[in-house]
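So this first bit is one chain, no partners, the form predicted alone, shown in structure tokens.
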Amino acid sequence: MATKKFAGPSPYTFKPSYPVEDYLHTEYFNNVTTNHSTKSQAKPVVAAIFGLGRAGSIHLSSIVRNPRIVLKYIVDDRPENFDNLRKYWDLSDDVVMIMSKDADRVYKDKDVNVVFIGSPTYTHHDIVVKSIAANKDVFCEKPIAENIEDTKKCYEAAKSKGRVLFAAFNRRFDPAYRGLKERVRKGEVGHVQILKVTARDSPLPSIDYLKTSGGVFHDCLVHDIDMSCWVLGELPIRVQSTASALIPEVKEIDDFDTIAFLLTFPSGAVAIGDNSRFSTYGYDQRLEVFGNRGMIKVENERPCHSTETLVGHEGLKQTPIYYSFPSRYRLAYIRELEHFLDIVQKGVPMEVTSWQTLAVSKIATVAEESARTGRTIDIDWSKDDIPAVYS
């Protein structure tokens, strides 16, 4: 009886509420209340997808499940897979499967208004330019092109045609990272002093992939660099990096598999990152922000996250972390696609802007130069036409 006086009124007298962090409940709530404001009323886009490699296969799985998209073309240079793809995804005969040498069919088809690019890096520029010239909006895996000059030309072409050119920095759409950014921007850690990012790849990519990836700085580190700038809302003025090729096959193609970098920002914040092409224990993705009022971090996610520990004679064991990026960033890829469709169909502002993509590419280029020369390099942004508010 000692605590009965604290019972208070019946819980049925309270207005129901739930934490905003529970995004899955929000989705359920919108579904059960048929919240039309969360659904697009626009006519579905008609799409073509180029390349069904690592990223392209992920996008294809999202595209075929999305009612906002009608898939009309698959462009890939492995025709031996076409029949299997059609059967696996239960694609109708209306979906045309062609090789890249026949890609003009896509550009000339006026019904197609959206193009997804997941093909090798060296093909991006040509597909982007031809798609935009044909008045199609473009969703492109990073990088947009193999160098900054060609990337600028792609964005200039998109602007002149009034088309959308979206660079797929998927990690921005991960709920955990987005939540961290929002809390940092609310001042929960105060003035940020150190940002630490870890990204270690799993499984080890094939050498054939690495040869066409554009190099580890533009294939992997651009994500870490983008996360640093996106969370802090500013661009670094000094870059230091070091890199090694500890795997003989990686060294043979003049690339790196082990990298560390340090970015210094105008606010005084320092971003520290480490990156590896090969993590034996899974896809290691961590982000930590430390400030004068505290610290926030995103740890690795696990498939069976509710099983915290297994106790035995061998000690405490946790469920393994996600094996690779399609698992870890599954929700990010889905949300990224929805954002792109909102840009195209609803005209919402594009979150991954041209100047951000160009800035990240510039930083990655400087970071690679620092690693190859051993120099610390200052960056001048005075001529890059970057808005005062970066993100």
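Please read all numbers here as calculations on a predicted model, not as lab measurements. In case it trips you up, residue 1 is the first one in the sequence shown, and so on.
Unshown form predicted in complex with a further copy of the same chain; subsequent notes refer to it.
Residue E301 is the only one of E146, D77, D126, E301 with a heavy atom lying within 4.5 Å of a further copy of the same chain in the predicted bound form. Not displayed here, a further copy of the same chain is approached by L310 to within 4.5 Å at the level of heavy atoms in the predicted bound form. Taking the partner from the other structure, a further copy of the same chain in the predicted bound form has no heavy atom within 4.5 Å of any heavy atom of H339. Using a 4.5 angstroms limit between non-hydrogen atoms, K72 is distant from a further copy of the same chain in the predicted bound form.
Not displayed here, a further copy of the same chain is approached by F278 to within 4.5 Å at the level of heavy atoms in the predicted bound form. Only one of 171-179, 214-222, 156-164, 115-123 places residue heavy atoms within 4.5 angstroms of a further copy of the same chain in the predicted bound form, namely 171-179. Shown without its partner, the chain has K196, T198, R200, L204, P205, S206, I207, L210 in segment 195-211 as residues with a non-hydrogen atom within 4.5 angstroms of a further copy of the same chain in the predicted bound form.
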